[in-house]
Structures are given as C-alpha cells and as structure tokens.
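The chain below stands alone and is given as structure tokens, in the form predicted on its own.
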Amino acid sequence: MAVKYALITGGSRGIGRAIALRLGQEGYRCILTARNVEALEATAQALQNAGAPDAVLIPADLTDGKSIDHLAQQALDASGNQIDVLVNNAGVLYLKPFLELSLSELDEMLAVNFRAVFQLTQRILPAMIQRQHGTIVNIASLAGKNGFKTGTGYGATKWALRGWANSLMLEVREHNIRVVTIFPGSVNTDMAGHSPTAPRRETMIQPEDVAEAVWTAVNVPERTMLSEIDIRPTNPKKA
C-alpha cells in the first residue's frame, strides 16, 4: 500500500497532536510543524508508541513568511510532492475587550490564524492540482460564525478563514480537491484556559473529538465532500 502523507500545523500538542495520532493510526505518515521542538518530539514519540509510521518534524514559525516557505518546501521534498492531507490547525488566541486588544496581538492572530493558512496552502496546492487529489482541512472555530464578547480580534480572523475557505472550495473542487472547514466550540486544551467564557472542562469538546471529525471528513468517499462541520457538546449542562 502506498504511503499517504498528512502535513499538520500546530502538531505539537492539543488538537494538532490528536489529529496526528488519529491519522497516524490509519497509516498516514505525519509531517508535523510547530515552534516547540521538544513538544514536536513528544508527539513523534506518541506516534511511534501507537505503531504509526515515523513522523517528519519540521520546526517553523508561522508568523514568518520565509519560515513558511521553508516549511512548505521541506514538506514537499519529504513527501515526494505528495501531500494527501493538509491540516491548517495552528492558531493563536487573545480574548480581550476591544479597547484592551493591542495591534500587536491582532497582528499575531491575523498572521497565524489566516495569513499563514493562505500562504502555506498556496505553496502546497499546486502539487495537489498536479495529482488531481488532496484534502485541505482548516480548523476554524464557532467564533467564525458567531460573535461574542472579547472576540473582536479572534472572531475576525476565523470569519476571514471561513470566507477564504468557502471561495477556495469552489475553485479547486474541479481538480478533485476537497476543502473542509471544521468549527469546534470550546475545546479542552491549554488554549481554552485563556477564555473567560469557556464552559467547565468536563463538558468541553475534547481534542480527540475534533480529530475524529477530521478523520471522518478525510475518510468519506472521494466523490463526497463535507465542506463544513460544526462541533458542539451534546449536553453542555451535564455535570
């Protein structure tokens, strides 16, 4: 069986690590990127312990355009220009009242949550078009569909991501390429601790739940595309 490759940003922890483990269990060779090398190595070890193919680790700073270009080229080289699944997962979150949100915080969220997704996908997409095959998965947020207090900056980046993804989907479907955007509510990760409005951790969505949604989207017949998936707790009031 031919090896399949998945490039996952933010693959060192939380949702990214869960996605890597889920795809790795299905035989995908994961190409993982994040800034924290030690955390990337920990994810690689978890994959190895799970019997998944050895991971390729490419540290990168998604706020830096040259670093993204380097990441893309290394990923294409490592996979022989065969990225079957691109998971744009990395994200930055600052939740503050509008008058307290700094331009530097807004710029960082825009850089990681939107600009890096745009740039990395633009570098990986030509190889998918050449093969007439590929799935692009974007991890957005329900904040990309619903406004909320303290979300003026973060929500804006996720609304931008959704608009971009919807338009891209219409452009590339003729090349048999699927664009899937997943909109989780509050997920039980380190990032959730920054949210003053997040529900209790025991009622939150778990990273593995998001990973299962990714696998579902990737695994449906190639003639089918789940273009958007919302994820919410079944019963957020349950103790």
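Please read all numbers here as calculations on a predicted model, not as lab measurements. Note that residue numbering begins at 1 and tracks the sequence as displayed.
From this point on, the text means the form predicted together with a small molecule, which you will not see here.
A heavy atom within 4.5 Å of the small molecule in the model of the complex is found for exactly one of N36, Q206, Q48, N176: N36.
Only one of the listed residues (V92, L95, A165, A127) places a non-hydrogen atom within 4.5 angstroms of the small molecule in the model of the complex, and that residue is V92. Partner contact region in the model of the complex: 137 to 145, out of 98 to 106, 119 to 127, 78 to 86, 137 to 145, criterion any non-hydrogen atom within 4.5 Å of the small molecule. The small molecule in the model of the complex comes within 4.5 Å of no heavy atom belonging to A55.
Though the partner is left out of this view, A20 does not reach within 4.5 Å of the small molecule in the model of the complex, counting heavy atoms only. G10 belongs to the set of residues with a heavy atom inside 4.5 Å of the small molecule in the model of the complex. Although the partner is absent from this view, A60 contacts the small molecule in the model of the complex, with a non-hydrogen atom inside 4.5 angstroms.
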